[in-house]
Ligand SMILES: Cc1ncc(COP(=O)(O)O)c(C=O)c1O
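One chain follows as structure tokens, the form predicted on its own.
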Amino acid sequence: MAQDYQISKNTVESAYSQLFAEGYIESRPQSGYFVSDEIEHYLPFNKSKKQSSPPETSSFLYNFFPAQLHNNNFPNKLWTRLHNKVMNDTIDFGGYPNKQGELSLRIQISKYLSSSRGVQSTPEQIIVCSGFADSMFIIASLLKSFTSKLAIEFPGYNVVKQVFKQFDYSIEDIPINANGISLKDIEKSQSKLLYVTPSHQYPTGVTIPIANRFKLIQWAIQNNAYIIEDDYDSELSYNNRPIPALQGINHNNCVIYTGTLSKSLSPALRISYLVLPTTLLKKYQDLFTFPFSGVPIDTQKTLELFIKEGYWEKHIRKTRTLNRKKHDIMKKNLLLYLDKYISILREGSGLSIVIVPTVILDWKKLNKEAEDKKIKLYYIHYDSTATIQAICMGFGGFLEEEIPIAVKAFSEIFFNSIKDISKSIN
């Protein structure tokens, strides 16, 4: 063994001695070491069968994931420089961090949200969380004694449902219309908690107009209810200036605001934030006495400097410009290759364009063709029968020059999956 692995005999002897001491092997005179008879049948090993290797992770030629940034989008050199600076200067590794996230970072987030999103907050109201799901876990645990029912946009973001179901909330689907969530259905609802994406509804892209926003606030106040505002894709608006947040209307105290850096900076960093109404602060502090923010202290301090020194605003502008180009290239090629066979349901924001086929597709065949061609697709289900009616065509993870090639490859499997070109869904 020492010869085979080019290591010291002492190392080999030490390894065998340790296995013997722990009882994994036994010594048989003049024969050598053997696996102990007493434990052999407990081991994840079967002599009669060849051990199988774990399945390899599938690699896709074209991945249309609707919430992905290309690695080139991240300001790696700048982030490394700022990270080195905070590691040398500003981190106290001898003490415990702030439970809600570093105060200095929350000050910067509060300033940014006020200037760019119209959010009214103090640093004390902000909680730095480890991604969107973590934010939802905090809200679900915080309000479990207040209500056991969540009203949510339909179609909507499935992660929210998954989190709240883990806390045994019942889920009430509220339909979306041309003006966003249906106010008529909200008024009929008995829910005391509502989840909405008012600036850019996911997945339809509808924006709730200002009059309806006031009505939503009025509904919440009159019914002693809370609204969870997910400011989804708020920074990535390509045709208009970003719509101010619902939270900033009328100095209300019924909106729980949540945002994330996943779509604009990096999903890998796992950074999100909550802005709690002052009415929930004491309850949060009483309930969350033991957990700390899941975002590492060095990441928090680097982000603080990134915002404070003006790099965040520059990065947002650069990211918006870059992804507007990708958006336009994606739209142009979708219309070039598929034209009258699709209609565009959502465009002008975020990291994807949502399309609806105007012909009858064989979805099983489409999936099989996509799998064979190593193309990853993402669908939207619009009803309780899980009928597929729309496809999210993500462009953020591609380089600009890759998008036309990817769309052409998709169009080929799309045409191969048409059941009857003469039958239109419209």
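Just count from 1 along the sequence shown to find any residue number. From a predicted model like this one, the values you see are computed outputs, not experimental measurements.
Omitted here: the form predicted in complex with this ligand. The next part is about that form.
K.L.:
If you check in the predicted bound form, is residue 230 within 4.5 Å of this ligand, heavy atoms only?
P.N.:
The answer is yes: residue 230 has a heavy atom within 4.5 Å of this ligand.
K.L.:
Does this ligand come within 4.5 Å of any heavy atom of residue 375 in the predicted bound form?
P.N.:
No, residue 375 is distant from the partner.
K.L.:
Even though this ligand is not shown here, does residue 337 get within 4.5 Å of it in the predicted bound form, heavy atoms only?
P.N.:
No, no contact at 4.5 Å.
K.L.:
I'd like to know if residue 131 sits close to this ligand in the predicted bound form, meaning any non-hydrogen atom pair within 4.5 angstroms.
P.N.:
Judged by the heavy-atom cut-off of 4.5 Å, residue 131 is in contact with this ligand in the predicted bound form.
K.L.:
In the predicted bound form, do 112, 306 and 312 all put a heavy atom within 4.5 Å of this ligand?
P.N.:
Not a single residue of the candidate spot has a heavy atom within 4.5 Å of this ligand in the predicted bound form.
K.L.:
Please identify the residue among 257, 226, 202, 164 with any heavy atom within 4.5 Å of this ligand in the predicted bound form.
P.N.:
Contact check passes for 202.
K.L.:
Tell me, which of 301, 331, 213, 263 has a heavy atom within 4.5 angstroms of this ligand in the predicted bound form?
P.N.:
It is 263 that has a heavy atom within 4.5 Å of the partner.
K.L.:
Heavy atoms, 4.5 Å, this ligand in the predicted bound form: which of 312-320, 291-299, 87-95, 230-238 makes the cut? Say which one.
P.N.:
Looking at the other structure, the answer is 230-238.
K.L.:
Which residues within 22-36 place at least one heavy atom within 4.5 Å of this ligand in the predicted bound form?
P.N.:
Not one residue comes within 4.5 Å of the partner.
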